[in-house]
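Next comes just one chain, in structure tokens: the form predicted on its own.
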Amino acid sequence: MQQADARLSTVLEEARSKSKKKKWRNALTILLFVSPALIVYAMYVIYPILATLNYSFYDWNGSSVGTYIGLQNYVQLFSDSIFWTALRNNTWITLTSVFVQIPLGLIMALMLFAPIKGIRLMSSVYFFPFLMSTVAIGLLWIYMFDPINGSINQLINLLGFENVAWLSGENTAIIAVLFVIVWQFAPFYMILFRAAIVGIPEELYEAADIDGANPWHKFSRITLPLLMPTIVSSSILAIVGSLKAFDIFYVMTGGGPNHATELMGTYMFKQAFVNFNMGYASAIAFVMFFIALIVTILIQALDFYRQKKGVFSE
């Protein structure tokens, strides 16, 4: 009996050893295939982030040897009123993107499925703004917002109002550029939602018709819950894109007037390539990265909580 137990123990030990070896071989095989992508990711993503963090601790002009100053750049940054103005403007872009662009993109996507003649042509027309160059869009809207001959002010004159200096007024410049951002990027979210809606099984709507559901019930009970993963992904894209916004603001206003449309991206650019204060610019860049990371983690956590509680779940 003892010999049988010993043999059984030996067999089990050999089986465990073989299982561990097999797992290690599988892990090494996976690592071998993934390693090229990991190397590229480390070189072009991880290393620049760590390098930016390192540069943010230096007083450095980009060419000469920098002087280590510790957290002084961050202390200066958080007491910099222009930075807080830039952060506020980035927050406005984020709120506009999440609560205007994404809902507008969803409405546009739903309209493409409406039984309206010529709607296929409209799907192409809707997408035109996203296909245009950002510089071209900026120049186009600069002319449209011209305080004298711009088409926007001409339309306002027809309605009986006086001309508005859209891009030169501190209170109107941010509104004007936000309008352009919505016009440019809402079609992108339209395409995302259109692709997601196409993937919803038609049988669900047929069953809802049999049960006598009205269009609102079909949207709230079928379409919206099944679009939640797309909404979450769109929100992450919108927030990250809003935090690193640069081009359209730089083309249309350059951050002016009087820093009224300054963003973290434009302020970082000016500090780096106008003032040649690379250390301070690196601090701004790392703060941008950190904010985007924290917000993304929060959205993912909220989505995990939503799925766990079954809110809008499939």
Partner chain sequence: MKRKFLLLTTFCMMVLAACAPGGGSDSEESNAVSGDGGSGKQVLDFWYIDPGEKEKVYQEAVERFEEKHPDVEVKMLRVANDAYKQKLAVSMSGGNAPDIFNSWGGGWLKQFVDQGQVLDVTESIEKERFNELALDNTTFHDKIYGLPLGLSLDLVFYNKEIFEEYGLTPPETYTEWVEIIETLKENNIIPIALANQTKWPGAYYLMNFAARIGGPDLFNEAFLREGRGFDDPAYVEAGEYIQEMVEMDAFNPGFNGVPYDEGQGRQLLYSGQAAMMDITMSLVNNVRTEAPEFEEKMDFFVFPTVEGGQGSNKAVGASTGPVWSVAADTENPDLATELIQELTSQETAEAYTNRTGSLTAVSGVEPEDEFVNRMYQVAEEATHLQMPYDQTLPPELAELHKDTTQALFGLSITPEEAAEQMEAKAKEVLE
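Only the largest set of C-alpha atoms that superpose within 1.5 Å between the two forms is called the rigid core. Small disclaimer: the values here were computed from a predicted structure and weren't measured. Residue numbers count along the first chain shown, from 1.
Separately, the form predicted in complex with its partner chain exists; it is not shown, and the next lines address it.
With its partner chain left out of view, the stretch that reaches within 4.5 Å of it through heavy atoms in the model of the complex is, among 282-290, 66-74, 50-58, 267-275, 267-275. In the model of the complex, no heavy atom of residue 151 sits within 4.5 Å of its partner chain. Interface membership of residue 227, defined by any non-hydrogen atom within 4.5 Å of its partner chain in the model of the complex, is ruled out. Contact check for residue 26: no non-hydrogen atom falls within 4.5 Å of its partner chain in the model of the complex. The closest non-hydrogen atom of residue 172 lies beyond 4.5 Å of its partner chain in the model of the complex. Site residues 84, 88 and 236 are none of them in contact with its partner chain in the model of the complex, judged by any heavy atom within 4.5 Å. 143 is the sole member of 161, 128, 216, 143 with a non-hydrogen atom within 4.5 Å of its partner chain in the model of the complex. Within 4.5 angstroms of its partner chain in the model of the complex, the stretch 235-274 places a non-hydrogen atom from each of 250, 252, 253, 257, 258, 259, 269, 270, 273, 274, taken in sequence order. Residue 246 shows a C-alpha shift below 2 Å between this form and the one not shown [criterion: core-superposed Cα displacement of 2 Å]. Remark: with the core as the superposition reference, the CA shift of residue 274 between this form and the one not shown stays below 2 Å.
After superposing the rigid core, the C-alpha of residue 258 moves by less than 2 Å between this form and the one not shown.
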